[in-house]
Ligand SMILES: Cc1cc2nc3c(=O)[nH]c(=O)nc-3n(C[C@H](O)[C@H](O)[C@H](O)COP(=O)(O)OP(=O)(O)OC[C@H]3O[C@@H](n4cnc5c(N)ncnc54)[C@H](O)[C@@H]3O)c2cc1C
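In the form predicted on its own, a lone chain appears below as structure tokens.
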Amino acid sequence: MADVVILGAGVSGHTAALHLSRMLGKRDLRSGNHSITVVSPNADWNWIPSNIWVGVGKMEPPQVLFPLQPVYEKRGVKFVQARATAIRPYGTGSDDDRPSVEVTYTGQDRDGESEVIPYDYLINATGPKLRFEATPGLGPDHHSYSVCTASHAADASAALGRCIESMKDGNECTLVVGMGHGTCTCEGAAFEYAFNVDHELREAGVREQARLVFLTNEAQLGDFGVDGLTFEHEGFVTHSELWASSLFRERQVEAIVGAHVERVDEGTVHYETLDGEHHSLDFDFAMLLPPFGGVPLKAYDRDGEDITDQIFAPSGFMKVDADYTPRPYEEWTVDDWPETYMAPGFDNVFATGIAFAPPHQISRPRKSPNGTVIAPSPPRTGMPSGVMGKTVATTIARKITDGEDAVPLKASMGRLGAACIASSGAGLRRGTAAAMSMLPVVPDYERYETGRDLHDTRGEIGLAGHWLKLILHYLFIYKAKGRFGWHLIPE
């Protein structure tokens, strides 16, 4: 008998839960031979890529959300709507010396209650803490908007709508979209939202009255937090900087690169650039993404001593089988990146998706002359996160059925590919998309001259990519609901 606890029900955690329930079998789960418990503070699953469309009014929150409880009930998985607060990987030293996690309920009519949940295997897939507090004045509670959650996106849509109505009355508006801190990730999401805003402005007939500015911590357009891409496009080898820049010129979107937002006042964003200069930009609407950190989790040994800094990096993300030795950029290799996502010293604890601590950035590290770090943090997008979740689930299932000596599966981001689609519009006939793929996510300059396989690293623009984004929206919600044949759909 084995008890598996999964912290988080995002792409990685939910994927792991579905695959584990399939591998361990509904009969064994219902009979109590094994158990899977998913702990998440949210009652709903959110298909986050489509929050972009919610943020411009093309979709409503119910179209990107569904309740988790019914899905898990059908699969014999226990759902605990709670926030994990502490991990005790050595047990408590009491009569029950099993490792456990401490949680505080956020729902299920037990709000505020605490519980200790023992485990034999633990997957930390908690995702990010949205660190709006890192930039004074940033975020929905202050002077800017976000699309990180469905509710945030709905608020952004309403504010954008008010701005468009103002322009219809003859006013001119400045709209700023981008990154709210020098160490943000998810540049691709901000990129996509900027072009969705552009699309809405054109649909409303007010584009000429709008100044649309993309504010990013990337040193150049097309970096996307992965040090840029070199790919073949229409028979030519090109770079993502040229490819992305052409889109900005074509759609008349201004770009401010290499920027760290220092603070956001009402109607004004203040930022520093890589040259060390300080600037201010007045706006009527701003959607600025926050930096990410690990969720607040403590760790204790058997005697109750705090060992958080041994298990978690300063960022709050969990340490795994990566090489965290500090090295200059020129010495970074794909071998630095984790393969099994197993926590050092604990062969029953894993961290996947955004929850694991990267060994370093993927983009070249940069600082301003003032010492301000202005460089994207590593993205861990849906596709690799899903693969990590399935990989770790398979490892745990093999350990349970074949024994502790079962060889763990590997899924290094230095071997995994990723596909991203930045689509504007949400209809079948009106819309376009910039579709990108890369292999691997972390460049490997020993295997590939450009760091990535040119055959599988490419960028395309057009309606076909937009159709694909629409298809993926419905396909992955179908998959996440665990419906017939779900496991046949790739991660």
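Residues carry their position along the shown sequence, with the first being 1. As the structure is a computational prediction, the values presented were derived from the model and not from experiment.
Absent from the display: the form predicted together with this ligand. The rest refers to it.
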{"item": "Partner-contacting position among 173, 204, 383, 219 - heavy atom within 4.5 Å of this ligand in the model of the complex", "value": "383"}
{"item": "Heavy atom within 4.5 Å of this ligand in the model of the complex - the one residue of 288, 261, 354, 396 that qualifies", "value": "354"}
{"item": "Per-stretch contact check against this ligand in the model of the complex, the hit in 261-269, 136-144, 120-128, 239-247 (non-hydrogen atom, 4.5 angstroms)", "value": "120-128"}
{"item": "Contact label in the model of the complex: residue 9 to this ligand, heavy atom within 4.5 Å", "value": "yes"}
{"item": "Interface membership of residue 82, this ligand in the model of the complex, 4.5 Å heavy atom rule", "value": "yes"}
{"item": "Interface membership of residue 424, this ligand in the model of the complex, 4.5 Å heavy atom rule", "value": "no"}
{"item": "4.5 Å heavy atom contact, residue 42 and this ligand in the model of the complex", "value": "yes"}
{"item": "Any residue of 455-476 that, in the model of the complex, places a heavy atom within 4.5 Å of this ligand", "value": "469"}
